[in-house]
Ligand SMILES: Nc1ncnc2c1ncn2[C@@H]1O[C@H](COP(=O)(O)OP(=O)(O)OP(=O)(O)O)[C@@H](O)[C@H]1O
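Just one chain is shown here, as structure tokens, and it is the form predicted on its own.
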């Protein structure tokens, strides 16, 4: 069955269409999770990996995600990546060969050094040590969708806030530092308020200094607000006909205040509010107001229905729309389309939405890696995608999804 031509959102198509693709042409793993040793070339812009549960499909996507800045799609600790032998985690390594304009080709590697502590992780770019992950951000970006994200609409506000912060961080690397600094100052203030409530004497100037730090870093909420606005512009018309228009809403008093007053005035208001609310916060066990209370709400626009009340398939469609819109923003900002890592992406999607997704991916310049337990649902991609089966720590080519001999990936 031929894939139907996709009708991409007008706001998404210009962002991705002129952007050259970031292409992973070879992946090498050593003692990573379930893979003792693996070297696999990729020849297509769409790569499908099928296999039973526990076969290593997600492990493969996680390895790819670790070649970009950050802790990967699982957010796991470095010591957890090594294959286990004799009850211990082995030193591990992951490396990829990339093609992307304006570079003719480059290699990125990461892993634990031989003989080094399992919690230590290093990066290398073309064989040379990487001074900071900002160097990697200039060349590599990944966007992913995992089954764990399916629970986003039922989980608490903190999970949706972390989801949004990860999207912001992909475009504004400094955002992670701002959030961490705010949370560190808040934790120290909470500890001091707890001591004061127990009758210990606490220096009020120390509390004031921490509240000042919280206020300065709290205006990082502006980055959240800005990204939500840009995503809404892209999502307004729907990504394709099968993926509905989506509206995001950031519920955050700080972000709202930043839309009404200068940042310095907002900072001053936060400092005054926290100073006058110390007794209240001490009783509550922490600050009851601030960007750490923010929430991200999703709405299915055609039905004017909150995502939490939508069907499982509709919720998945909303997430797919947000991920593709985010990829478009990265392409516009970085000048290249990011890698798309879509784990069990077809789960909960009906046949119409699956084919619409496959058509959209075929039309985009981005290289996409898809996984699923049922190889049959990817058959509409025959002649477009290349397929593998994950078996026993190896990737076995799938003859039903074989790229033509001599095929090359357009950048």
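Since the structure is predicted, the reported quantities are computational estimates derived from the model, not experimental observations. Residue numbers count along the first chain shown, from 1.
Keep in mind that the form predicted together with the named molecule is missing from the display, and what follows is about it.
Not displayed here, the named molecule is approached by residue 82 to within 4.5 Å at the level of heavy atoms in the model of the complex. The named molecule in the model of the complex is approached by residue 54, whose closest heavy atom lies within 4.5 angstroms of it. A residue is said to contact a partner when one of its heavy atoms sits within 4.5 Å of a partner heavy atom; residue 34 meets this definition for the named molecule in the model of the complex. For the chain shown alone, residue 225 is not a contact residue for the named molecule in the model of the complex, no non-hydrogen atom being within 4.5 angstroms. Of the candidates 162, 271, 247, 74, 74 is the one whose heavy atoms come within 4.5 Å of the named molecule in the model of the complex; the others do not. Residues with any non-hydrogen atom within 4.5 angstroms of the named molecule in the model of the complex fall in just one of 57 to 65, 379 to 387, 357 to 365, 39 to 47: 57 to 65.
Residues of 356 to 373 placing a heavy atom within 4.5 Å of the named molecule in the model of the complex: 373 alone.
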